[in-house]
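Take a look at this single chain, the form predicted alone, given in structure tokens.
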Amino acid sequence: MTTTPVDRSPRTAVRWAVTQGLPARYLDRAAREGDLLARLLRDPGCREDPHPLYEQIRARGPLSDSSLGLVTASHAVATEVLRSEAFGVGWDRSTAPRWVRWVLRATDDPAASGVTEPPSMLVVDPPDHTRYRRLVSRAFTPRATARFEPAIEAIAGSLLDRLDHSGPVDLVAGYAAPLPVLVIADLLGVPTDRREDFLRWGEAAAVSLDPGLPWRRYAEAAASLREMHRFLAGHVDRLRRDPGDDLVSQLVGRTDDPLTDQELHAVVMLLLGAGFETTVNLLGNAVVALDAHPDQRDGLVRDPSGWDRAVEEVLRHDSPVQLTGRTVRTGTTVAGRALPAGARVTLLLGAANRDPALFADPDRFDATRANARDHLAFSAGIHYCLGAGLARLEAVGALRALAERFPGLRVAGTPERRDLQTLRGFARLPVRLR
């Protein structure tokens, strides 16, 4: 049994105290005082089913006040914010108290940085974001993505061959998690024998998206991120000497506008975290939703042409990414409210995707819903998920293969939700294959 590494360095402890410990105390107090967004972020019960609380927030109007600034459950408002040039993803440190700025500078550590720190595309605005996205976008064009279809089919078949038919099997560990990891490993040119490491590193990237992490979880994530950076340093050096036809080889071989090693690491880490986490959560959420609606599942078994639309409905109904945030860069007006520069808006994507103003009977799962693709599960605007096409291809291929091989599959027992709020999926999904 592998022991999870923990980073107990003083630098990591101090950084946790400022970036996680203090925010956690603030959110806990706000939750006790009745703040709905704080409750969403801190109440474990809301993680199991956030939708009743989403509806309370929706009832307060298209844009309401919260402990973290403003919050919206409106699809129209979220779309406007995501597409507006007046908003950005970056956080201006100069707005923080002087002592906080000093601590952050003193504890900055590129060797343990994650997807929520620059130069990750998740948290940088143009022109840096434009540059990074331009360099990697060619790997995710429809034509480039389509080349993965045979590999997805082969990987799915191989994983299904290995599943134990004798009793309940954890579909996350045996299928939903390893499939996207093996696909992304091919994209990034890394050895498939590092699969277990990639699973742990992807989890570390996912954990870092949640605010107010407890110390132990933050320290474990920091240690895993350090491991990943060490691996990437050697991987990049190897590909400089012996390049392949993978994305990382293409990036390290650029002579015009080359990326620094830190930028390369940030790109690869984001592709791993986003490429792995979105798909594994999507697959688990789909299996559970269809198990609860056996008539719709049986319809897809009879007519596999419906999987594309079914995947869109899963993305809408139980979004793998539940929330994101934006900061006002230049003063603007949204939903009739004047917002000054520096104002923060939390966008509840999971709530927006069940907005009754756009989706009829939004809490009902309907694998044939005509406008399901209007969801915001992959965001919108310039930060629209770069790997959305690949995630869709993986999900359709994996679910179709699973249904063809095991049309009688049923959930066996109680699935275990992941202890995360930003990302929504299952840590464990017991099923019987026949």
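The first residue of the shown sequence is 1; numbering continues from there. Since this is a predicted model, take the numbers as computed values, not measurements.
One more form of this protein should be noted, the form predicted in complex with a small molecule, which is absent from this view; the next part is about it.
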Segment that reaches the small molecule in the predicted bound form - one of 251 to 259, 287 to 295, 94 to 102, 314 to 322, heavy atoms within 4.5 Å: 314 to 322
Heavy atom of F231 within 4.5 Å of the small molecule in the predicted bound form: no
Heavy atom of A391 within 4.5 Å of the small molecule in the predicted bound form: yes
Proximity of W307 to the small molecule in the predicted bound form, heavy atoms at 4.5 Å: no
Distance check, M121 to the small molecule in the predicted bound form, heavy atom within 4.5 Å: yes
Among the candidates L68, A372, C385, A403, the residue which, in the predicted bound form, approaches the small molecule to within 4.5 Å (heavy atoms): C385
Answer option from S224, T278, S208, S74, heavy atom within 4.5 Å of the small molecule in the predicted bound form: T278
All of F140, L349 and A377 within 4.5 Å of the small molecule in the predicted bound form, heavy atom check: yes
